[in-house]
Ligand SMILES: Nc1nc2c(ncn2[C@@H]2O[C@H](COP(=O)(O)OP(=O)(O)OP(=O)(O)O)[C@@H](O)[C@H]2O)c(=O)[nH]1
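A single chain, nothing else alongside it, follows as structure tokens in the form predicted on its own.
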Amino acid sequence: MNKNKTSINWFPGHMTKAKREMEASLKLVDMVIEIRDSRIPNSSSNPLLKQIIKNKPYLIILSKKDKADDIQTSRWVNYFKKDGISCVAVDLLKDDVIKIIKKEVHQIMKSWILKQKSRGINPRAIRVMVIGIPNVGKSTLINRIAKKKIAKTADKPGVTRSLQWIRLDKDIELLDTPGILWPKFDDEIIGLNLAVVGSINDQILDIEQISVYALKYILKNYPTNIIERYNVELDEDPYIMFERIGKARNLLKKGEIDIERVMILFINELRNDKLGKITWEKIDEEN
């Protein structure tokens, strides 16, 4: 297998329908909010969504900042702002997301509001489409805004399935949309990043491929996270590390280290934030 380029195909039928619905609904809205994952700001952006939103005013919300490297998150926010794109990083469960979104939307739509008023028109509510790939926290955001559970949430991809309107306040209305992925990942690294954080089904890539990629990356960029979690001596070879982790956790099968169980444990602990804050894409790797 080519370690840098491969085509990973995954495009369930409901996502084709969702894309058509979003394209049809775009004419109903004034601007777009795209939710991305702070841990993978590049990989969690669907290129199909860029085609759909076209020239609409645009805000990127980097979710799950509590799970990402603070320094890298700050760099990503500055990167987008330097590119002329409004961007803010949030903890969807703890931050005052309503206040943050209202401030950003009013700032982005300021000229539109002034134009309406200059014509003697009392501006109607700003209509905002909320988009994002599965598992970036979009449903969590919608539920926080609505102050009740109206969007299904789950720690797995592809739960939200239909369009729905939510009123933020008298000035802003949000159109929630299903999380959709694109037909294939031409860059294997993007597919691996999505798999590591749980944004694509585990059947797409095997557990060995995901866990080896993840452990190699952490050993290179966050080695102390491994030491603090497993109290093992470091080695560059991920398979040696899996042996050491398995020994430390007593994961045996017929007297030998059960590597598959170690890999599953490692990925589960990674996704449950047991290995600390990790960002899988650094800004200097994008430029």
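Note that residue numbering begins at 1 and tracks the sequence as displayed. For clarity, every value in this text was computed on a predicted model and none was experimentally measured.
Only in words, not in the display: the form predicted together with the ligand, which the text now covers.
This chain is displayed alone, yet in the predicted bound form one of Q164, Q209, T140, N78 has a heavy atom within 4.5 Å of the ligand; that residue is T140.
In summary, among the residues I100, A146, A125, L93, the only one with a non-hydrogen atom within 4.5 Å of the ligand in the predicted bound form is L93. Heavy atoms within 4.5 Å of the ligand in the predicted bound form belong, among the stretches 249 to 257, 214 to 222, 24 to 32, 58 to 66, to residues of 58 to 66. Within this chain, N135 lines the site of the ligand in the predicted bound form, having a heavy atom no more than 4.5 Å away. With contact defined as any non-hydrogen atom lying within 4.5 angstroms of the ligand in the predicted bound form, the stretch 216 to 252 contains no contacting residue.
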